[in-house]
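Presented as structure tokens, the chain that follows is alone, the form predicted on its own.
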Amino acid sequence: MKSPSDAILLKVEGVSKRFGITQALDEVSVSFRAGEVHALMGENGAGKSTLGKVIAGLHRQDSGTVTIDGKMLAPGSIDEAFAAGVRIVHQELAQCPNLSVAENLCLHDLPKRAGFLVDRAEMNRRAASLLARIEPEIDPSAPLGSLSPGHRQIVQIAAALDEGKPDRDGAAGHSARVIVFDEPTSSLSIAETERLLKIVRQLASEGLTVIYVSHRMAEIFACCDRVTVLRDGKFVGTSNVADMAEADLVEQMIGRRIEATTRRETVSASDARPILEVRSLSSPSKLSGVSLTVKPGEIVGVGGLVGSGRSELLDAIFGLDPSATGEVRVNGQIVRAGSPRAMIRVGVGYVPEDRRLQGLFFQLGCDENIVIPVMPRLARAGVRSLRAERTLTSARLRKFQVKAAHPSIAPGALSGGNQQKLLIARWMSPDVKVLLLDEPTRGIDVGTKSEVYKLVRQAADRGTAVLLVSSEMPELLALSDRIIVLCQGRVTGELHGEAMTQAGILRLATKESAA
């Protein structure tokens, strides 16, 4: 591995940025070296993504400067930042899954022949050249939607490395020199994450400056050279990762020490009647005869690899899969299939994996997103009680520390982590008797993650039945009373007590176990 140089390539000096009443960045100064992987860490709303977007020209700072090799970049100029070699890989994939990989990579500048026809041979050649640098096994002619999330992320990285078309004088395009990764592994499996981290190190070894935004501590210590911590939009410090302990980094981020996550003491509910009963739940190409129960106060984990059917199981239980067959009972009552409204009515809440497509209503305010499930209960004589809704909204936003300029602001104005906290705040209610959680801490900072763990345990302690999906096995092991493992849509086993280990989950999650 090539060591980063001491030469400073990129400087951010005294940068401030305000959105309405929210001070996202406050006089932040930090330097980035050529050939290093430099992490940006902090709680949700600390200003990490905002800083990355200021560097890339997507946001115009209110004050301060960004310079590359001593040349100051015009504030808010995407073109100037691009010409200087700045690229950004966003957390949310901005791609066209119905088009081919090559079409996605060349969409900004389709090669033409005869003046107007798309030159597909040249398009595939350019795409193959971009992919060869990081992942030559990807077929440029394949539909993008057929790729795994990891390969789709790699395609987005390849697009960021594109030099762009030559200028009018025939001079070459602009090579990438700085690349910002904003939560690049939030939707990836363990194997895909390891592959992406190798690509990140590879890019740094080629001399690029990599700015890496992530909440995942393991990635920071495995991949990064230095780390800068932001808190409430302010610069806290920059340190060598090799000189930091995880507890010290967490304390810098949140300003206090947090307790280590320990396994929950298994509850004794053997005589209790299950609140949630799932019988022979099936869906074509997704699930095959899944049965399970969750009793009052239980947290039942669902383990398995990406594609094993974990998310599909929760979708089917909540009524989002119209092709699902089987039976779902809540408190002994059969709930009408394919009806999320019926599920909500009997006290089932669902935090889905994809908050953008399935979770939040982006055309509504944060306040309405929170109160939607309980509007009928808060209403008086069939008329909405705005006072009761405001009281509930204020309490939830405060309890879950959702950083929003105003309760009625749209979720799209929040950071990804604050969007996730808003979604969790909707369902952490005494009215919810069954809580379905799919990757509930994705995109959440380490301090808030600890608080979510406590809230999940508190919900179980007051009798809520919790069904939990998580790709983070330490999280699954720490929260669950028992774990059901899926492979290819089937239950391959159940783990209790001392048998609940990462090795045990992986053994049942492999294809061989399902044979």
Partner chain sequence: MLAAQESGLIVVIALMMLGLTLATESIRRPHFVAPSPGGSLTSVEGGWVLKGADGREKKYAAADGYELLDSGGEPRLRRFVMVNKFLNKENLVGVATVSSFIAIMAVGMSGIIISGGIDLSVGSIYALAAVAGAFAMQALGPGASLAVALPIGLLVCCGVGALCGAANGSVVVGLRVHPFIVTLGGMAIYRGLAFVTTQGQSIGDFPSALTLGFFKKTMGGVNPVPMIFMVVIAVAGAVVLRHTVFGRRTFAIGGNETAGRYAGIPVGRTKIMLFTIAGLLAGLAALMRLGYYGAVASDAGQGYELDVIAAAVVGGASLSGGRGSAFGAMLGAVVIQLIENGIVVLGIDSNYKLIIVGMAIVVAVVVDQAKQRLTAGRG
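These numbers were taken from a predicted model, which means no experiment stands behind them. Superpose the two forms; the largest set of C-alphas matching within 1.5 Å is the rigid core. Numbering follows the first chain given and starts at 1.
Keep in mind that the form predicted together with the partner chain is missing from the display, and what follows is about it.
Undergrad: Under a 4.5 angstroms heavy atom criterion, identify the one residue in Arg341, Arg273, Lys198, Arg387 near the partner chain in the predicted bound form.
TA: Among Arg341, Arg273, Lys198, Arg387, a heavy atom within 4.5 Å of the partner chain in the predicted bound form occurs only for Arg341.
Undergrad: Check each of Val241, Met375, Val346, Leu99 and return the one that places a heavy atom within 4.5 angstroms of the partner chain in the predicted bound form.
TA: If I apply the 4.5 Å criterion carefully, the residue I get is Met375.
Undergrad: Evaluate Asp315 for contact with the partner chain in the predicted bound form, applying a 4.5 angstroms cut-off between non-hydrogen atoms, and reply yes or no.
TA: So Asp315 counts as contacting the partner chain.
Undergrad: Taking any heavy atom pair closer than or equal to 4.5 Å as contact, tell me whether Arg356 reaches the partner chain in the predicted bound form.
TA: Heavy-atom contact with the partner chain at 4.5 Å: present for Arg356.
Undergrad: If we define contact as a non-hydrogen atom of the residue within 4.5 angstroms of the partner, is Tyr212 a contact of the partner chain in the predicted bound form?
TA: Output for Tyr212 is no: heavy atoms all beyond 4.5 Å of the partner chain.
Undergrad: When the contact criterion is heavy atoms within 4.5 Å, does Ile190 count as touching the partner chain in the predicted bound form?
TA: Answer no; every heavy atom of Ile190 is more than 4.5 Å from the partner chain in the predicted bound form.
Undergrad: Work out which of the listed stretches, 119 to 127, 379 to 387, 245 to 253, 222 to 230, brings a heavy atom within 4.5 angstroms of the partner chain in the predicted bound form.
TA: That would be stretch 379 to 387.
Undergrad: Using a 4.5 Å cut-off on any heavy atom, which residues of 137 to 155 would contact the partner chain in the predicted bound form?
TA: Heavy-atom contacts to the partner chain in the predicted bound form: nothing from 137 to 155.
Undergrad: Following rigid core alignment, is the displacement of the Gln363 C-alpha between the shown form and the other one equal to or greater than 2 angstroms?
TA: The answer is yes, as the C-alpha of Gln363 shifts between the shown form and the other one by 2 Å or more after core alignment.
Undergrad: With a threshold of 2 Å on the C-alpha, tell me if Lys198 counts as moved between the shown form and the other one once the core is superposed.
TA: Comparing the forms between the shown form and the other one, which are aligned on their rigid core, Lys198 does not shift its C-alpha by 2 Å or more.
Undergrad: Quick one: once the rigid core is lined up, does Leu423 have its C-alpha move by 2 Å or more between the shown form and the other one?
TA: Superposed on the core, Leu423 moves its C-alpha 2 Å or more between the shown form and the other one.
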